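Presented below, as structure tokens, is a lone chain in the form predicted alone.
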């Protein structure tokens, strides 16, 4: 039986939805009735998200692999159209950080972060453009007003900057600029394009780690993750709400931009940081 909710009958695509914030976004949208195309770099976490959605009674398929692959946007959009016949929501969530001060940052570090946070969303949205334009024209001819949603994930690093993150700050500021531009391009097609800029959200990328810390493998690169316990404690002390956010809370802010109540909100970047500037 299909889930009845505010997103019943909608089709949502969420990148990086095997773990962390992306997984919680996918689950939130599924609970509200959306059919999902999920994605992860690795098949195993994607399968876990698929199983969780199906356990809720929802529908989902996976389109795995790196979002930075040149053909990924086309594959992602094709998965939605072939399995569910449409596209209503696109959430560009996939990403990671690879930090260094600018004098030590390599070209590889720079381009890797720009590619995953800016180029990949650009390609996905470009791939979806033909369907969105044709669907909107058909709906307008029928006298129907149907809204679609794009939510791009930014960061407070992109709003305020952050030392050691010239690449990430630039990419996240860029995705907010892309959001504003596309809101103007796609307004005629009744597409709301917004961004959410997260502050400290507690995932495997930001959990407290001692010593040398943990790493994750991104396409053969060993990337350090985690935050030193004292640095995490200091960061949380600057948050008016007193703690980092939970992934499900982060997902809730994305959900706000996906529901009909936000149909007249577009081109905005919402800072979700517990009140921390």
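Since this is a predicted model, take the numbers as computed values, not measurements. Positions refer to the first chain, counted from 1.
Keep in mind that the form predicted in complex with a small molecule is missing from the display, and what follows is about it.
Shown alone here, residue 59 lies farther than 4.5 Å from the small molecule in the model of the complex, counting heavy atoms only. The small molecule is not shown here, but in the model of the complex it comes within 4.5 Å of a heavy atom of residue 203. Contact check for residue 186: no non-hydrogen atom falls within 4.5 Å of the small molecule in the model of the complex. The small molecule in the model of the complex is approached by residue 153, whose closest heavy atom lies within 4.5 angstroms of it. Exactly one listed residue, out of 96, 110, 122, 147, brings a non-hydrogen atom to within 4.5 Å of the small molecule in the model of the complex: 96.
The partner is not drawn, yet in the model of the complex one stretch among 99 to 107, 77 to 85, 114 to 122, 177 to 185 has residues with heavy atoms inside 4.5 Å of the small molecule: 114 to 122. Using a 4.5 Å heavy atom cutoff, none of 34, 252 and 270 lies near the small molecule in the model of the complex.
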